[in-house]
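We begin with a single chain expressed as structure tokens, specifically the form predicted alone.
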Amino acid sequence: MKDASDAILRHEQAAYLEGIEPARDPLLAEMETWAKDHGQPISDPEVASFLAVTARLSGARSIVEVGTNIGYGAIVLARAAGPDARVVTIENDAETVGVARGFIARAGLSSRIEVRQADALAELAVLTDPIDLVYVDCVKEHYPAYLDLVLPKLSERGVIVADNVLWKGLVAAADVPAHEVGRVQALRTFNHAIVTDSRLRGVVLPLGDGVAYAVRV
């Protein structure tokens, strides 16, 4: 969720787009409030809507989410992809895993969403099945490494979605605070790969805090 004024769109544009977003169902609305109250970063509502459209359109059956947080993205993906889809979502923090599993159980999706408590890089390295859709919203400094691990495992029509790729507008800034340099450099490397790698057709979209979208070619 945004923690400041929109860094991409003009204020009136952002307000308009937020205003036309359909109301989330009660559980997602509760999760949005919980995340805000506890300082937990989850997807913006418009990014969640984009995820839902992508999951439905792609026909994904094998979905991997890198960075579970409280389970918001996993629930959106599983609901949109339908009953034949399975979501594996990776989260390293034990307490956060417990919160996510609780919300997922309340959504009635425990049989379709597997929350794995693990380091994302280590877990991605051992995944063996082809992946139809990957959603990345985890450690920003690791985005290039996530991409390197995921690309060889994408199915023939696999899709990659990654959140926060403009990182509060800093990825496009000339002056970057010292404590943000590592994140910004990693995201710039990731974005360049998304749009130039010959195995992908990709684009960076001005949704939320910047969303990268790519399909395998």
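A residue's number is simply how far along the shown sequence it sits, counting from 1. On a predicted model such as this, the values are computed, not experimentally measured, just so you know.
If you look for the form predicted in complex with a small molecule, you will not find it shown, but the lines that follow are about it.
*Asks:* Should Gly158 be classed as touching the small molecule in the model of the complex when contacts are defined as heavy atoms within 4.5 Å?
*Replies:* Flag for Gly158 set to no.
*Asks:* Look up in the model of the complex whether Asp93 has a non-hydrogen atom within 4.5 angstroms of the small molecule, and give yes or no.
*Replies:* Yes, Asp93 lies within 4.5 Å of the small molecule in the model of the complex.
*Asks:* If we define contact as a non-hydrogen atom of the residue within 4.5 angstroms of the partner, is Pro45 a contact of the small molecule in the model of the complex?
*Replies:* No.
*Asks:* Asp119 versus the small molecule, in the model of the complex: is there a non-hydrogen atom within 4.5 Å?
*Replies:* Contact check for Asp119: yes, within 4.5 Å of the small molecule in the model of the complex.
*Asks:* Look at the stretches 148-156, 176-184, 22-30, 59-67 and give the one with heavy atoms within 4.5 Å of the small molecule in the model of the complex.
*Replies:* Selected range: 59-67.
*Asks:* Scan Ala85, Cys138, Ala107, Val88 and let me know which has any heavy atom within 4.5 Å of the small molecule in the model of the complex.
*Replies:* So the residue touching the small molecule in the model of the complex, by this definition, is Cys138.
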